[in-house]
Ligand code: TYD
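As structure tokens, one chain now follows by itself in the form predicted alone.
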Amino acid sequence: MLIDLEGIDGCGKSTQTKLLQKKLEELGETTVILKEPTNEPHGQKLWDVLHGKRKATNEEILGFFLLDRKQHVDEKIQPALDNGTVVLMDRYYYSSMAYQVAGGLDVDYVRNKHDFAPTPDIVLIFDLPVSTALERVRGHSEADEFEKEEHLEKVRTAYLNLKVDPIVRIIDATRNPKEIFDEVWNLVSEVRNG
């Protein structure tokens, strides 16, 4: 199984990813959590852009993501899936379909560039108001280039627009972690048992 957990920074997806891993492993599943961008060379270019050390157009950023993601699929994601491991993605190509679309690219254009990437079994998008997300992030990390409120509003809208995709589920991330996880587990269980 390939499960993609998505949302703007501060939405709680990393917490939910860990809770999901714990629950699956209790049930005897082998799991791995993988994050994007990676720490490989193309991923490092992205981190440089995100931290303002390098300038890049939206198209160039997508290009770095594609190179980073291709390597990630070849070296980590596909081998894990081939071994029967449940792969939990803390961001995957659906984040490009939100962030790069918020920057002006067409969603189908971004999606079509990912024909090499295995399709998730389910995409969980943790949604909450941008002001709440920014409050949670402040004090945890330096706000990077993409954490400006106006841009994040566009990212949030782009994420919500992905609900037309049959594998996408939007989750209210304003609740406490246990309530959120109960919903996460119900949704994942449907796919596991389906």
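Numbering starts at 1 and runs along the sequence shown. Quick caveat: nothing in here was measured; it's all calculated off a predicted structure.
From this point on, the text means the form predicted together with the named molecule, which you will not see here.
Comment: 43-51 is the region of 43-51, 24-32, 127-135, 164-172 lying near the named molecule in the model of the complex, near meaning a non-hydrogen atom within 4.5 Å. In the model of the complex, the named molecule stays beyond 4.5 Å of every heavy atom belonging to Lys113.
For the chain shown alone, Arg156 is not a contact residue for the named molecule in the model of the complex, no non-hydrogen atom being within 4.5 angstroms. For the chain shown alone, Arg91 is a contact residue for the named molecule in the model of the complex, at least one non-hydrogen atom being within 4.5 angstroms. Residues are counted as partner-facing when one of their heavy atoms sits within 4.5 Å of the named molecule in the model of the complex; in 94-132 these are Ser95, Ser96, Tyr99, Gln100, in sequence order.
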